[in-house]
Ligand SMILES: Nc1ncnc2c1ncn2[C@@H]1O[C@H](COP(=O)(O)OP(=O)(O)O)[C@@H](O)[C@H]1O
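To begin, one chain is listed below as structure tokens, in the form predicted alone.
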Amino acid sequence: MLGKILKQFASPSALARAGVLSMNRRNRDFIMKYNLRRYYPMVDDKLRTKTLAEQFGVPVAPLIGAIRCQYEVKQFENMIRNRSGGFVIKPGHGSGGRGILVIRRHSGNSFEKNDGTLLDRVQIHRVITDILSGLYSLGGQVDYALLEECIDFSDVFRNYSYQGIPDVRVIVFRGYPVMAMIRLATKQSDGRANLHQGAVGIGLSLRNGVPRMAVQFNQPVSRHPDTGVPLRDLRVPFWKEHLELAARCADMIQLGYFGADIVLDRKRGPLLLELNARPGLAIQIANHAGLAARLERIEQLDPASHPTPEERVAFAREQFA
């Protein structure tokens, strides 16, 4: 069993026999082989990803605008002036959820975060300035700030996440979904769905989206640490639609191996949040299963075997529990 092997700090050979994909092998056999560097901007640049998604009919959160230069920061008020709902400010080249600011409500010079903290206009400007300076970007490069409409949090996850919005991470290989989990924000993760910061990860069956195992900091958990609800009872509505959205992303970007992060909006259904060309491997712990055998199974297929996203999803759901 994968969990027992990991618990005993097994050797690399034992982990390989259990089907666990190592970081070295992921990088060598899948990322370097199937993800050419010149295509990374398709996923590392969030505005470019959003533009591609709109061109290919992949649903995303509506764009409010982008701020690219310091002198444009003063345009922030004009961008949100006639919007009564919440909004999100995020780095265009950020990763790991760093630098993202979610504002649920605003009125005049008062901006309310998820946790009820109030910010004023000067503090918002400071957040944008930090983003522009590259504080949160990949490699510290000069960045831009992206403004999007807030996701209208679906009630089905109301008791399963602390303040933040859960997202479903789907690993996609050569257009096929091969493994999935849902990440639930906690108080410890500061309302972010980031496993390294303390979010709960629940492995999901590709067949029907039901929980397989739940972990926090790589340790099994049975209940949400803040709300106390049993995690085994969680269900993801529109499961097939989540997988098909992830599979459709393979048709819009020229990467063979990536992670698709998807959120569920109350009115609009599953929406693409972002793509990741270097998805982490903790998803294997959350699923109590290794990725290696699934990737090898897909490598054996003729690329023309399942030409449509719907066919690739149907195959994956049949093959992988």
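Sequential numbering from 1, following the sequence displayed. Computed from a prediction, not measured in an experiment: that's the story for all the values here.
Absent from the display: the form predicted together with this ligand. The rest refers to it.
Listed residues 90, 242, 224, 248 were compared with this ligand in the predicted bound form; 90 is the one with a heavy atom within 4.5 Å. Among 127, 80, 138, 102, the residue placing a heavy atom within 4.5 Å of this ligand in the predicted bound form is 102. Shown alone here, residue 231 lies farther than 4.5 Å from this ligand in the predicted bound form, counting heavy atoms only.
A residue is said to contact a partner when one of its heavy atoms sits within 4.5 Å of a partner heavy atom; residue 274 meets this definition for this ligand in the predicted bound form. In the predicted bound form, at least one heavy atom of residue 150 sits within 4.5 Å of this ligand. Put simply, residue 61 is close to this ligand in the predicted bound form: some heavy atom of it is within 4.5 Å. With the partner omitted here, the stretch from 210-218, 127-135, 232-240, 163-171 that lies within 4.5 Å of this ligand by heavy atoms in the predicted bound form is 163-171. Shown here without this ligand, the chain has only 46 in 40-60 lying with a heavy atom within 4.5 Å of that partner in the predicted bound form.
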